[in-house]
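Let's start with one chain on its own, the form predicted on its own, as structure tokens.
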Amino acid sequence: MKTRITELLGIEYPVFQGGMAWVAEHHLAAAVSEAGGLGIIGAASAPAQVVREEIRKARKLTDKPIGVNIMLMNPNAPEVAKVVIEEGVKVVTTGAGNPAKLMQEFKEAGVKVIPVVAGVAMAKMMERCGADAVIAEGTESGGHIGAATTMCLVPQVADAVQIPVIAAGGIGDGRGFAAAFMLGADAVQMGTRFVVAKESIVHPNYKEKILKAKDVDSEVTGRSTGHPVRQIRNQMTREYLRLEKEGAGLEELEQLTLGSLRSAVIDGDVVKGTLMAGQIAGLVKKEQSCKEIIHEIMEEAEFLLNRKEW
């Protein structure tokens, strides 16, 4: 399937894997890229040398394009950007900040820059500063979220910018893919569906929580702090929301979640860990390889987009 994104990045299918902290490491990124999508290594708060090692490990598993997600609020972001350029990575997605300060060096190195945006104004700003595309991420997503839904956000962003738009948030099958394209997207990004991929290093306890999730099982914490996070409901979210209701400050709330994502992903703590997942979790019912996930989605989407009767 050819779109502006597949042409821009040299990938077979217009499917991105989200750059999820602790989850999006070299095994998963390489498997997604090898299956024809764009696998992305999540740099998160990792030191630059760790990111370098992850890139090199992924390259041993695939010779297809891979990307790196850089969290710009990370103090290591400039060093991570340098590593990305030195290692010859040609695609970067960015979040939690404005990549304008890094744009010139990325452009000079031939790196395609694709920021995550949660609104039209930010999308237009990113286009002006030289972004090659934007990821319009709706509030249905897992992890840190904005306010607008994917259904409302994607068409407005697509109308506002000339660069390609990747839709993210609430997409987990061919129906979501087809819907995103009808809204004006040139590609989709998925996170939750890939968390339960066979190649994902996520602890089986965490995967099981997603596979058994119902439509109402996601919860948003942190609205009072201005940093809302969507995750699967558990003891930690109930405690967090209780403290929020009682007026707890940011410092106290951060102490509650300190190290909780790692403990969920690596140690399988589904009681006090942070189980980031989107609202689409209730739709995800099986563990598959990345190749199976992408091919299933593409087959279903192709049928829906091409069928004559509705």
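In case it trips you up, residue 1 is the first one in the sequence shown, and so on. Since we're looking at a predicted model, the values are computed, not measured.
Beyond what is shown, the protein has a form predicted in complex with a small molecule; the following relates to that form.
Trainee: Should residue 97 be counted as a contact of the small molecule in the model of the complex, where contact means heavy atoms within 4.5 Å?
Mentor: Because a heavy atom of residue 97 falls inside 4.5 Å of the small molecule in the model of the complex, the answer is yes.
Trainee: Is residue 275 near the small molecule? Define near as a heavy atom within 4.5 Å, in the model of the complex.
Mentor: Looking in the model of the complex, residue contacts with the small molecule do not include residue 275, since no heavy atom lies within 4.5 Å.
Trainee: Counting only non-hydrogen atoms and a 4.5 angstroms cut-off, does residue 89 reach the small molecule in the model of the complex?
Mentor: Heavy-atom contact with the small molecule at 4.5 Å: absent for residue 89.
Trainee: With heavy atoms only and a cut-off of 4.5 Å, decide whether residue 122 touches the small molecule in the model of the complex.
Mentor: Close contact exists here: in the model of the complex, residue 122 approaches the small molecule to within 4.5 Å, heavy atoms only.
Trainee: Among the candidate residues 143, 155, 222, 174, which is the single one with a non-hydrogen atom no more than 4.5 Å from the small molecule in the model of the complex?
Mentor: Exactly one listed residue reaches within 4.5 Å, namely 143.
Trainee: Heavy atom within 4.5 Å of the small molecule in the model of the complex: which of 85, 71, 103, 179?
Mentor: Contact with the small molecule in the model of the complex is made by 71 alone.
Trainee: From the candidate stretches 135 to 143, 179 to 187, 204 to 212, 157 to 165, select the single one in contact with the small molecule in the model of the complex, where contact means a heavy atom within 4.5 Å.
Mentor: Looking at the partner contacts, the answer comes out as 135 to 143.
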